[in-house]
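Here you get one chain, nothing else, as structure tokens; it is the form predicted alone.
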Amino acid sequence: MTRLRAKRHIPERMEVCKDLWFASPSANKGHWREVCGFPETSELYLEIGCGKGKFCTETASANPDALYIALERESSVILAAIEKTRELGIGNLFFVNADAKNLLDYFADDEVDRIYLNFSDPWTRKKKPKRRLTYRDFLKVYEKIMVPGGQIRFKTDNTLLFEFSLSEFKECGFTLSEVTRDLHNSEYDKDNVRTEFEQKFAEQGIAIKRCVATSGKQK
């Protein structure tokens, strides 16, 4: 019953936090830094599928000079992230309650410096690879909105998705680095911020896969 009450009150709770999320993100296209009160020289980082916000709140708190935009399509999930941001008083993190398939409506060419993809749905059923957020059609969109040399930082627990993604990154001309199939026992874990899913999988003994894909787009 508690869960149902929380869902019924989503609009009211979102209204309380209306300064932290954008109901019409397309209005900010090409002007995110200005709208959010950041200098044009600030880096803009986008997390696609932020969940309940553990990763974005911790990462934004550690990098207050960068502007963070966190996107999540599930209202009940993103609400938890928004309320957590308000509670912690984080001033450089804002939210978009929308689907990643519409990114070109929200961001202009060369507007984003870095994209985070953390534990995206692996879509393991047959004939579903085009739904994966690392499928080439999505990668082409990311590259369009990213600056030349922009990075995608990708983490997953799913081996099939990871190997698929490495192949897609290469096919689309991205340069791979920091590739590991056991992040928590690698040199790259030092500055790693764990997501809710990541912590859960680690406790189950599941190795986390991670890589950095750098855009080959020219200036």
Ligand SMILES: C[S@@+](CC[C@H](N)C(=O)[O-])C[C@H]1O[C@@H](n2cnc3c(N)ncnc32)[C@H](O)[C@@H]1O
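Here the structure is a predicted model, which means the values were calculated and not measured. Residue indices: 1-based, along the sequence shown.
Beyond what is shown, the protein has a form predicted in complex with the ligand; the following relates to that form.
- Think of it this way: in the model of the complex, the ligand has a heavy atom of just one of 100, 145, 90, 80 within 4.5 Å, and the residue is 100.
- This chain lacks the partner; the member of 109, 137, 74, 105 within 4.5 angstroms of the ligand in the model of the complex by a non-hydrogen atom is 74.
- With the partner omitted here, the stretch from 45-53, 184-192, 25-33, 170-178 that lies within 4.5 Å of the ligand by heavy atoms in the model of the complex is 45-53.
- The shortest heavy atom separation between residue 118 and the ligand in the model of the complex is within 4.5 Å.
- Contacts between 194-219 and the ligand, taken as any heavy atom within 4.5 Å in the model of the complex, involve 195, 196, 197.
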